[in-house]
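First, one chain by itself: the form predicted on its own, in structure tokens.
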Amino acid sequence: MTFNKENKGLRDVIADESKIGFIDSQKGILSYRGYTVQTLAKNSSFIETSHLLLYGKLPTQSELQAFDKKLRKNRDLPANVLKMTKLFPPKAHPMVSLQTIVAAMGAFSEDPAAAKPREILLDRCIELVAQFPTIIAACWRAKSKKSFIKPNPKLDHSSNFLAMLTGKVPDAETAKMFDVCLVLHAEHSFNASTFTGRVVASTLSSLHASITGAIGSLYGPLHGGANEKVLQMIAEIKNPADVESWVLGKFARKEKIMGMGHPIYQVKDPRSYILEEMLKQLSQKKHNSKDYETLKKIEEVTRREMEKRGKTDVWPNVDFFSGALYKLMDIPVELFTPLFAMARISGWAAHILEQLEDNRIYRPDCDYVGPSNLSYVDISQR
């Protein structure tokens, strides 16, 4: 069997079966366990979606209440972990802090090996879903030299995070928009970070080690870090009227336009429609539409220029509008990728649980193309 360069990066290679996330790249469909992301964004909440991902079904009212109660109960961090949040250097990226703290949490909890009973592992997964917002908020406030704000058991998952982060309880509309963002980012089949988590879990390593690996994968600018790059991109453009010349300059220099194009979707990312509409609404509410207008103009000009070159499959992805939306929520740019992780922890955990149901360690083949049959030359004669 020889290597096909079209499959580099495992592109178009089916690595396993899954009952969790479904993507139709041609039709622009994304669903979680059979429910389209549009349906969940409109009708569900992040904690209900998390229950769906972890348990395989939407909860009854009593099941949702029990799940919510369990999440609220597990928001706190060990005292020694809280001390660690103050030890990172000021320049440390919050994703580095998050990865380090999650790895350390494996030492502070009864982190089972992945081969342990599912019930124990599921409890640890739920704990991580509950703790991610606290870790992110605590690390950011420590980085900003502000005092830690304890979780508020009276607030829902999204409102509690924003309150811990900013010190202010958000209004209902902002909290709902943020919660929808979490739903949209919760799962996306065998993306790089999810696949990383499954690969680590396939060795029967610990849950925290598997999640730590997934965080490291998400940190890359080609994955979760892309929405930061989108905001850096539009910051270069002083006025929406300047977009045309800016995009043409990018094309002339053969530079990538961040947030445009997706390795899977050949049509517009279904999540981007929802994020775009929320960005439009919040921009109007705050009387600040510059970023929205700039992004829409970038989309228009980029699409036009790509079509001239015969490429009709380059559309906005989930990162194109999300950063500008978070910015209007007064969320710091450096936290955009940690927020992605805060949402994706539910999907990562669900995939790790699924991986272990019928586990086999990942061990792909490699087509060796290096030299062979070399003669050893003594070091004195090299």
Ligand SMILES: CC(C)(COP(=O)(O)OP(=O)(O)OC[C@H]1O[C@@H](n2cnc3c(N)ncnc32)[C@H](O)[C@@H]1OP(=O)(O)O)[C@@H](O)C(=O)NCCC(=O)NCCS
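Numbers follow the displayed sequence, beginning with 1. None of the values given here were measured: they were computed from a predicted structure.
Omitted here: the form predicted together with the named molecule. The next part is about that form.
**Student:** Within a 4.5 Å heavy atom cut-off, is residue 197 in contact with the named molecule in the predicted complex?
**Tutor:** Flag for residue 197 set to no.
**Student:** Please check if residue 222 has a heavy atom lying within 4.5 Å of any heavy atom of the named molecule in the predicted complex.
**Tutor:** Because a heavy atom of residue 222 falls inside 4.5 Å of the named molecule in the predicted complex, the answer is yes.
**Student:** Should residue 261 be classed as touching the named molecule in the predicted complex when contacts are defined as heavy atoms within 4.5 Å?
**Tutor:** Heavy-atom contact with the named molecule at 4.5 Å: present for residue 261.
**Student:** Taking any heavy atom pair closer than or equal to 4.5 Å as contact, tell me whether residue 11 reaches the named molecule in the predicted complex.
**Tutor:** Yes, residue 11 lies within 4.5 Å of the named molecule in the predicted complex.
**Student:** Please tell me which of 103, 96, 122, 306 lies within 4.5 Å of the named molecule in the predicted complex, judged by heavy atoms.
**Tutor:** Here the answer is residue option 306.
**Student:** Considering non-hydrogen atoms and a 4.5 Å limit, which listed residue (77, 257, 177, 138) is close to the named molecule in the predicted complex?
**Tutor:** Of 77, 257, 177, 138, the residue with a heavy atom within 4.5 Å of the named molecule in the predicted complex is 257.
**Student:** Among 352-360, 60-68, 314-322, 46-54, mark the stretch whose residues have heavy atoms within 4.5 Å of the named molecule in the predicted complex.
**Tutor:** Checking each option against the 4.5 Å cut-off leaves 314-322.
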